[in-house]
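Given as structure tokens, the chain that follows is alone and in the form predicted on its own.
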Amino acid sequence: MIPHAPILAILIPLFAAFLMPVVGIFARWKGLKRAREWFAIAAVLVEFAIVVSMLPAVWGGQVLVYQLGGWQPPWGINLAIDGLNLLVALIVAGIGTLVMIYSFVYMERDTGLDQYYTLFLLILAGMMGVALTGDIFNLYVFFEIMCISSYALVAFRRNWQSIEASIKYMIVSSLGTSFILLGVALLYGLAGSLNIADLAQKLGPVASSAVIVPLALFVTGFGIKIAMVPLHMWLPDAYQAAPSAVAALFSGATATVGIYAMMRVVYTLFGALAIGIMFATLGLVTMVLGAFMALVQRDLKRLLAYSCISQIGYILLGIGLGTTLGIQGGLFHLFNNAIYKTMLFMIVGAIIYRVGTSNMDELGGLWKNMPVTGTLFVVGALAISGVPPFNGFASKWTIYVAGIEAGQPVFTIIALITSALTLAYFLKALNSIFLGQRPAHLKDVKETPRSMLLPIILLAVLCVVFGVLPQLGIDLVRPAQEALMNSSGYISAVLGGA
């Protein structure tokens, strides 16, 4: 493992973000056209390598505890890494790297790229901080770093639509922030600690009625952050208005971090498997409403935004079932969703890059011009719809079986119907964009640039690999599933030296 890997995974993108304006000024002074892009890509590649270096130790059963300032838990600030948050860190670093490579060409027509790459690196630092921190107040702080960067990235192009969406996102998200901060304050009042492991240990003897209010505050606050129905109103506008590279990062990484934060707080602090049925029910409502709303959209980015909401429902359903297979399926779907959702938003960005619009009424017949992009869209559409042999089928099938084994066959039936709806709206999108008659003004459209295709192709390969060999995915998420279901190892490792 790279020495000091946990803290470096946060500090590398954070320092790179603050250095980016200096790099931009130096690049313009020296006439180095791509210096800031290469600097940003180097930073995320280093971050990815640091996260990967922690895999052998954590997958070997260790919980890595990194203490800042020499103070022993529960005092001071620590980073604590088990199988659950390392999976999230791996997704964040991997998706961040691919989106950064994709941005190299996709964002070249925009101005203010010093700000773009600064915000991009800052949001990565925030996400990594949320994933790795062992302190609940710092989880809130890093979450706010992530969210504030997100507001600015949504408004990056400074048009009316993006500014309106950013303000709406900020107002609604700030409400969620207030709930989370109030929950942190109440927990501190109950237990006198902010260390997650110490809180989990001290909350055990506390009367269950006393923790209902902070638990409700956390579920509501994080529910807003992950756009769980009925708290989803900000997401479609934000994803539609943001640059497609930003929407890809949001759907693949930011949503993953929000779900992780909810899981960590609810299950580690409260051991609240008893409220799993509530999560499962909310997951069903989220997946069904998201699918029906996606079905009636005419803008491809907005369709994908509602599809994001629907897929979050599957994850909540699997985790909410509370069984080993259900949690395994939910985490596997979390991983798969990050892959194909990032891929699909990148494809939308490629279409906008070449055509200038994501309005499906203005498109058609693009398969003749963009056959590789069209093929990749089919892979992503089949994967997210749960069609074999792609990865979405493997994780959805696990959730279907888990629902039946948990004595909830109705949940499985609803999930199957929702998958059929998912396939229906992606077939509609495929027909509107790539098939049918091509408008005359699109006859000279070119294929997606190679540097933008590279990360899309890599993600498509992963869709196939984890679909044909699903055991690879199950093995990948098993340490996370074990950590979520049994937090005693996390707690004892953090407090072992106290």
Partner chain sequence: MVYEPVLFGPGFWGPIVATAALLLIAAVTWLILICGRRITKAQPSDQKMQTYACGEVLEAEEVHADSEQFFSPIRRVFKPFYRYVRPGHTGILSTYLFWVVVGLIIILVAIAVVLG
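Positions refer to the first chain, counted from 1. Values in this document were obtained by computation on a predicted structure and should not be read as measured data.
FYI, the form predicted in complex with the partner chain isn't displayed, but the following is about it.
Across the proposed site, I7, F18 and M54 without exception lack any heavy atom within 4.5 Å of the partner chain in the predicted bound form. In short, of 96 to 104, 386 to 394, 132 to 140, 327 to 335 it is 386 to 394 that has heavy atoms within 4.5 Å of the partner chain in the predicted bound form. The contact residue chosen from G76, P409, P371, G364 relative to the partner chain in the predicted bound form is G364, the criterion being a non-hydrogen atom within 4.5 angstroms. Checked against the partner chain in the predicted bound form, the residues Y306, Y340, F250, Y260 give one hit for a heavy atom within 4.5 Å, which is Y306.
The partner chain in the predicted bound form comes within 4.5 Å of a heavy atom belonging to Y425. None of the heavy atoms of Y116 is located within 4.5 Å of the partner chain in the predicted bound form. Taking the partner from elsewhere, S432 is found to have a heavy atom lying within 4.5 Å of the partner chain in the predicted bound form. Although the partner is absent here, L469 is a contact residue: one of its heavy atoms lies within 4.5 angstroms of the partner chain in the predicted bound form. Heavy atoms closer than or equal to 4.5 Å to the partner chain in the predicted bound form belong, across 1 to 19, to no residue whatsoever.
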